[in-house]
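In the block that follows, a single chain appears as structure tokens, in the form predicted on its own.
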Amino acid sequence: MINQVTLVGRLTRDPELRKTSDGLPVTTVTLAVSRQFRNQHGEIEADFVQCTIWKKPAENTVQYCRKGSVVGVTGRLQTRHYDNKEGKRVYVTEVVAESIRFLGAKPNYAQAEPPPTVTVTVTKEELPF
């Protein structure tokens, strides 16, 4: 079976680096990907795709990308679920990035102070590997 996704889009917000309880760096970004056609009003719409990036690519994304940065993501589609606070089952479909390319002009973000790191608890069942 083949499960491969390739997307090119713009980040909808600044990425934030988090770390699992095991110390693995991770960031979750949303890509705005333009559709290839216009709607009935002549406008180009976009799809907003959730992407999870792990390890060194996550660190590089947080360091070099900001809201509006154009990136290319190659990865696999993954669906998972969890029970929310109200006890309802919530399904999440996301792209787990295997590689990411920064496609826009080279920004001058590296000289800025790096964003803070947030530690979160991620269970082994949530890890994609």
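What you see is a predicted model; the values in this text were computed from it and never measured. The numbering used is simple: start at 1 and walk along the sequence shown.
The same protein also has a form predicted in complex with the DNA, omitted here; what follows describes it.
- Every residue in the set 10, 32 and 48 has a non-hydrogen atom no more than 4.5 Å from the DNA in the predicted complex.
- Interface residue remark: residue 89 is counted as part of the site for the DNA in the predicted complex, having a heavy atom within 4.5 Å.
- Contact check for residue 67: a heavy atom falls within 4.5 Å of the DNA in the predicted complex.
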